[in-house]
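Just so you know, structure 1 and structure 2 below are the same protein chain in two forms, each on its own as structure tokens.
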Structure 1
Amino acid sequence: MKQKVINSIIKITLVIIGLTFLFPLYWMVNLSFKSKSEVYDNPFGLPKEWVFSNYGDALEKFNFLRYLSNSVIYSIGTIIITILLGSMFAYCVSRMNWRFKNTALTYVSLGLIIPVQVVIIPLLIMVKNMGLKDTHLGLILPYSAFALSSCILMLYAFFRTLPKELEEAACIDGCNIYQTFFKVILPTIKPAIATQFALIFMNTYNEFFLAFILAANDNIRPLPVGLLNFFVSIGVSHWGQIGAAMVITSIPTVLVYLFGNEQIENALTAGAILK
């Protein structure tokens, strides 16, 4: 009996805590339908009077499509470069015979302990000197470079569990190493690539620090930084519009998460299993 009561209490507590994690969703949707003055009188309850014009007004001042397309360009660019280069490198280290392969792997894993914040000043100077300032590539290249380490280590672990028979068969069929890699190996490691895809997407799409400093020009800003600028420009005078802008910004993330939550959970927890 006592056990049952305790168990119910634990159950209810977990559900309540779970609900608090969903609170931001409720809060911003709710906020987005409130009039300018109602926010102050009734900040967290349901709107008494539903105002739909916040969305139109926010979209007028907040260049959502531009920021969204920038965010997508950064995410997709980083995903392509990181997965292509990372898988080739991981394959090369796990399968090919060369003297310094272990050293190379250790070298690349250094990236796990160098926070990007540390090198921001030289990075900014380099991007300027390379003529990449105010271009998308100026963010995609550093993003990819910093995403490589964990991508390589995970794919390397994956390659080591992969039997060599596949490649031997391909070799007998007359494939050279490039054909083997692109036509036989890459399709076989699809699950690992999907996990990396989800992980890099989440990290890049939400990245704030590098974007805040390197993307100084409004034309190349991604969503998180664009949104902050919108808040600053609008002040705290109109929370309804702030709410609307937040909802619009979050829709892509929420959709991606709802459809790919298993993939994302795998990706986020992959690091913990990878010892």
Structure 2
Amino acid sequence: MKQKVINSIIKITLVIIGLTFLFPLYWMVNLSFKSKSEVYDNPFGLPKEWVFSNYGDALEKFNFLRYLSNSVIYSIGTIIITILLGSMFAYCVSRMNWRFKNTALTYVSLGLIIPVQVVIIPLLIMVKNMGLKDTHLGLILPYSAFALSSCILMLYAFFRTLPKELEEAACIDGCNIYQTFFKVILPTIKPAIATQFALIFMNTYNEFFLAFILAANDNIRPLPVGLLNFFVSIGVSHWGQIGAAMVITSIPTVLVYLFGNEQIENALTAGAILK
């Protein structure tokens, strides 16, 4: 009886915690359908009058397509570079025997504990000296550098579970090391690649600090910085349009998560039991 009471209390507590995570999403969507006056008169309740025109007005004032195209360029570019380089490095340290491979892996792992705020000034100088300031590549390369550590560690764990017979069979069939990697090894870790695709996309799409510092030109700024410009331009006079703009910018990441959440959960669970 006592154990049932404890379990019930734990379940109720978890439900309350889960609802607190969902509340900001509810508040954002609820806000986007309210008029100017109702935002202050009825801040948390459902709208008495649903104002759908907030979305049309927000799209008219907010250059959504330009900022969205920049965000997609940054996300896809970062994904390609990170997964290509990260998978090759992870394969080298997990499947090959060479001197200092553990040192190299430790060095790359340090990237997980270095905050971007610590290196922002030298990073800004490097990007400027390389002539990449206010270019898409000037953000894609730093994004890829900061994403490599987690990508390598996850793929490293997956590569270590593969049997050696895969490489031996490929070698007997006449494959060289590159053919073995791209045609035999990579297809076997598709779940991990899909997981990295979703994680890198969401992290890059939502990133604000680096984009705000390194992309001074408004033509190359991504959605989070564009959203800030929209807030500044209209002030706090119309929270309904601000809510509508936030909902619009959140849709791509929500869709990516909905399509990739199963792969992410499977990969994180698998990583927890690997040696």
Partner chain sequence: MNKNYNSKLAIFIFAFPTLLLFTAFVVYPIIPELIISFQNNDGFKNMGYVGFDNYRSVLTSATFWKSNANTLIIVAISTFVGLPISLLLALLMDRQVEGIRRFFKLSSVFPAVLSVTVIGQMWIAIYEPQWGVINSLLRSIGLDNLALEWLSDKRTVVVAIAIAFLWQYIGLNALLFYTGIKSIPKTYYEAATIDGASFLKTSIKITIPLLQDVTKYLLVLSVLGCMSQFAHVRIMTAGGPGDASRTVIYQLYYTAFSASDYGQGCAIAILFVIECLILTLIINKFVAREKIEF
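Note that the rigid core is defined as the largest set of C-alphas that superpose within 1.5 Å between two forms. Here the structure is a predicted model, which means the values were calculated and not measured. Every residue number counts along structure 1's sequence, beginning with 1.
Compare the two displayed forms of this chain and pick out the form predicted in complex with the partner chain.
Answer to the question: structure 1 is the form predicted in complex with the partner chain, whereas structure 2 comes from elsewhere.
Flag for Ile172, CA shift 2 Å or larger between structure 1 and structure 2 after aligning core
No, the C-alpha moves less than 2 Å.
Once the core is superposed between structure 1 and structure 2, does Lys183 show a C-alpha displacement of at least 2 Å?
No; that C-alpha moves by less than 2 Å between structure 1 and structure 2.
Report, to one decimal in Å, how far the Cα of Ile9 moves between structure 1 and structure 2 once the rigid core is superposed.
Between its two positions, the C-alpha of Ile9 lies 4.1 Å apart after core fitting.
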